[in-house]
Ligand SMILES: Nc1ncnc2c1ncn2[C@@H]1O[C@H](COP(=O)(O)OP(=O)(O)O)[C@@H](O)[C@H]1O
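First, one chain by itself: the form predicted on its own, in structure tokens.
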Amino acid sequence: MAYLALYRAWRPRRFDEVVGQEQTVTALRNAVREGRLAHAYLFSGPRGTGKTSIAKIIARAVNCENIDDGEPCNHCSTCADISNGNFMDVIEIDAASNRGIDEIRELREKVRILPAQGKVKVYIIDEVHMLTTEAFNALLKTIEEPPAAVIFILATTELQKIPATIRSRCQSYNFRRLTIEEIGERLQQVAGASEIELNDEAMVLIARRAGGGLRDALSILDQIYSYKGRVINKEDVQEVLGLVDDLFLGKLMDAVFSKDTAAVVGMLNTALNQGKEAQQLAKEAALYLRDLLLYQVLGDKAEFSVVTEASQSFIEQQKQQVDKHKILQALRMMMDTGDRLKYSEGNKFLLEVTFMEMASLFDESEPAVEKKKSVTKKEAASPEKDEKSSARDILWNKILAGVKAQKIPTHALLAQGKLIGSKDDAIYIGFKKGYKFHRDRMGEKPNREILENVLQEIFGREVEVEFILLDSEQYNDIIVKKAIEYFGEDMVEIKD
């Protein structure tokens, strides 16, 4: 027999096997037992929380030959056929691939046909929010007045996309995300039955990363089991999922808050050289900052995403060390970087620059954000833009200070430019149209070498520099276009 994935093997087959969703399960089981099922249901909630599983339990229950107290027997031929997908009167439709009006018209014609095998025809329409407006309109009348022996069960992860006319004709049940404890309990049950040794730390880590979905948790366990075998610990989960240890994150953030950029760059290089993905590192760092922020606000009531007992001492100290408003700024910066890393070719460099900018936020000796010479109304209305710009300005000030310490004339030339951003192993420095002379002089070998030496001291390795001439009327330089395409137009600031 072919191997059956854990999430399929452990799919609940009775109401009393469903994890969580107690109110929904109780209501539906009572309706089945008392013969008060509605003609249409709408199940909504996050993926992997039991919507389709409960729909199939209802389908078995209403057609079961030996129903017992509202529960299907799961032994009769009808239950077996429904479980195996061989029952003619239980029709599953994926609305993502059958979303047009023609498919719904065909459904309307078939609804009128009496059940062929069982007592009730059950239509389960998954991801129903994917239907077109025309398809919803075609479905409307059928859902409102279906034949007596027909039940519709609509499932969706995006309730807000369902027309009010459809929602008003269905009994709605909202499925909640499962708690870490609920997921962990089922993981231990599955592991015990499958002869898998899953320690508590690994179990909690899987449960946290499942995002409230039991199906995701079982899929993760299955993936790790296939790779690591029957003994699974916390390190195995981190390796398979590409996660970094929360103790590493605690030390990394300690270096950030202490403004130790050399240590930050060194730790990032170590993690990346071990095969960690830059985007995953950014995501993990954002989750750590989120945990720290919640710990500052909620204390012991905070529910952590990545912090465990191993890093508890770090977060306890950092709670007193850093300001929550700056943590919020750093969190926004890291989340923004995570989004940019999805489309970035220079992942390593962008991640390093972001961490150094983030460290600059916690440097009390740097100029405050309020000391900017001019703030327009538009800028004042965009605090996130101000945070990104101020952090980049702080890094630019460090570069200028380093150049000035080596040669004042070079500093005078460079000071007319502006740090635009970074990509791959290069940084981009822009000069306004009237400063072509300064750009050209900075491109000469002596001045370029001074700047490159300063950048090497900051980043700990050789960095390429691109000098860009910014046209105040249009961006006709191909490098500028690429820079704007990558960094966004808000990154390239041109002031008269």
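In this text, residue numbers run from 1 along the sequence as written. Here the structure is a predicted model, which is why all the values come from computation and not from measurement.
Separately, the form predicted together with the named molecule exists; it is not shown, and the next lines address it.
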As a check of understanding, the residue in 47, 441, 461, 33 with any heavy atom within 4.5 Å of the named molecule in the predicted complex should be identified as 47
Heavy atom within 4.5 Å of the named molecule in the predicted complex - the one residue of 82, 253, 139, 214 that qualifies: 214
Are all three residues 261, 353 and 392 in contact with the named molecule in the predicted complex, where contact means a non-hydrogen atom within 4.5 Å? no
Taking any heavy atom pair closer than or equal to 4.5 Å as contact, tell me whether residue 447 reaches the named molecule in the predicted complex. no
Is there a heavy atom of residue 60 lying 4.5 Å or less from a heavy atom of the named molecule in the predicted complex? no
Does residue 186 reach the named molecule in the predicted complex if we count a contact as any heavy atom within 4.5 Å? yes
Taking 4.5 angstroms as the cut-off for heavy atoms, does residue 207 touch the named molecule in the predicted complex? no
Region of this chain that lies against the named molecule in the predicted complex, out of 48-56, 64-72, 448-456, 426-434 [heavy atom, 4.5 Å]: 48-56
Contacts with the named molecule in the predicted complex, stretch 147-178 (heavy atom within 4.5 Å): 178
